[in-house]
Ligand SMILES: Nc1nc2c(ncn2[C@@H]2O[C@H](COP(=O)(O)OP(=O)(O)OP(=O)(O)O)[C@@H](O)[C@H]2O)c(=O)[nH]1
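For reference, the chain that follows is the form predicted alone, supplied as structure tokens.
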Amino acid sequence: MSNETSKEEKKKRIILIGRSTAGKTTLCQRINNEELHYYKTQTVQVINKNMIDTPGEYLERRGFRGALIVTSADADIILMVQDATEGGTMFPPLFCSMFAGKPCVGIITKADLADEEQIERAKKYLKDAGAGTLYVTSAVTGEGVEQLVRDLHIL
């Protein structure tokens, strides 16, 4: 077995779930050290074989949530992405229970635009949804991203 193959096997496959404009795609770009380009994700996209980026509509429309369950079958870790500046959430209580015991991690994005009260509210939303570990991040400044990558063995 080559070093490249063993490194590939150690990487965890993640799925990013969150409403439109939560910062899922931007976070993927930051993790991969790419230039940030803002665009709307229209379909499920697999990035670097280990990141599954989902359209926000899959969470926003209850009828599409089944697609999240099916798509998550290929993931090791569920990342629930919550915009810190958003006044509400699309994650219902115990949302993580539909992922057959896979670890659910809460990602708070746009920390550079939020105050402490907004960040605490986002943490509560994610905890209520069943997230275990929480990360406060900013794809723009890089805050929290390196720790996330290191802890979850994404790269």
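Residue numbers run from 1 along the displayed sequence. Not measured: the values here are computed from a predicted model.
What comes next is about the form predicted in complex with this ligand, which is not displayed.
- Item | 4.5 angstroms heavy atom contact with this ligand in the predicted bound form for D112 | Although this ligand is absent here, D112 would touch it in the predicted bound form, with heavy atoms inside 4.5 Å.
- Message: Even though the partner isn't displayed, in the predicted bound form is K40 close enough to this ligand, meaning a heavy atom within 4.5 Å?
- Response: Heavy-atom contact with this ligand at 4.5 Å: present for K40.
- Message: Please determine whether P55 contacts this ligand in the predicted bound form, using a 4.5 Å cut-off between heavy atoms.
- Response: Because a heavy atom of P55 falls inside 4.5 Å of this ligand in the predicted bound form, the answer is yes.
- Message: I'd like to know if V140 sits close to this ligand in the predicted bound form, meaning any non-hydrogen atom pair within 4.5 angstroms.
- Response: Yes.
- Query: Which of these stretches, 87 to 95, 61 to 69, 104 to 112, 123 to 131, has heavy atoms within 4.5 Å of this ligand in the predicted bound form?
  - Reply: Among the listed stretches, the partner-contacting one is 104 to 112.
- Query: Hey, which residues along 60 to 94 are within 4.5 angstroms of this ligand in the predicted bound form, non-hydrogen atoms only?
  - Reply: Nothing in this stretch is in contact.
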